[in-house]
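Below you will find one chain, with nothing else, as structure tokens; this is the form predicted alone, and questions on how it binds or moves follow later.
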Amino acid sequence: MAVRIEQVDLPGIGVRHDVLTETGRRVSVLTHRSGERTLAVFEVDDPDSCRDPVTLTDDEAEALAELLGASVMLGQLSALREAAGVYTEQIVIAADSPFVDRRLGDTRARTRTGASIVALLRDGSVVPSPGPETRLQAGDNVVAVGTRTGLDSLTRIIADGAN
């Protein structure tokens, strides 16, 4: 199963990135315009009800990101906000994806969905503009840009090879 990280622009506040877990929990990181970050977990029954938000310093956020194997790539891409129906999203390559140990070009992502893969996050490093020969590995985060429909299709393709 592919993991989705969704970006929500909060006018006047900042940007929130959400991960919806298999159990239905929403875990979010809110990056305020001031640079402050808040980690939040939401109730399953009420997605607007946050339990115990935790404000993180830069050092704490960096340490947590390293522990989770994340990258600062999303922060760099946050300047590329949702504009004119274009979204930025991370899709995790699951161990059971048909594209593990295959070339990125084998996905035919842009041809099949119109979405562009603009970076690959792997082991705490960033592979910007990966070429079609780049081999995908379980746990890689594919950073893609496209329409909502295109990104939904790309998520399905990466998860099970289907459109």
Partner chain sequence: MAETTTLLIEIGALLLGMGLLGRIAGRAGVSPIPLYLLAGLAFGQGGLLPLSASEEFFEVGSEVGVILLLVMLGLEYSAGELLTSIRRSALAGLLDALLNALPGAALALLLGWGPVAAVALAGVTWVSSSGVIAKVLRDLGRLNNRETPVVLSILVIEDLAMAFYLPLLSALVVGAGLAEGARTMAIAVSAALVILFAALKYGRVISTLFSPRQREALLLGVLGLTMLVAGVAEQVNVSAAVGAFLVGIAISGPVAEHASELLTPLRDVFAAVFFVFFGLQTDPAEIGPVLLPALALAIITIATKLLTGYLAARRAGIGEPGRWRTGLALAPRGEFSVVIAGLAVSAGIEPTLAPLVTTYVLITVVTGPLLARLPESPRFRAALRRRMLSRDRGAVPPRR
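Positions refer to the first chain, counted from 1. Under this definition, the rigid core comprises the largest set of C-alpha atoms superposing within 1.5 Å between the forms. Every value quoted in this text rests on a predicted model; they were computed, and no experiment measured them.
What comes next is about the form predicted together with the partner chain, which does not appear here.
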property	result
Partner-facing stretch of 131-139, 56-64, 35-43, 112-120, counted where any non-hydrogen atom is within 4.5 angstroms of the partner chain in the predicted bound form	35-43
The partner chain in the predicted bound form reached by all of 13, 16 and 50, non-hydrogen atom within 4.5 Å	yes
Touches the partner chain in the predicted bound form: residue 102 (any heavy atom, 4.5 Å)	no
4.5 Å heavy atom contact, residue 28 to the partner chain in the predicted bound form	yes
Post core alignment: residue 19 C-alpha displaced by 2 Å or more between the shown form and the other one	yes
Threshold 2 Å Cα movement between the shown form and the other one for residue 53, core superposed	yes
Threshold 2 Å Cα movement between the shown form and the other one for residue 138, core superposed	no
Comparison of CA distance in the predicted bound form with shown form for residue 156, residue 30, at least 3 Å	farther
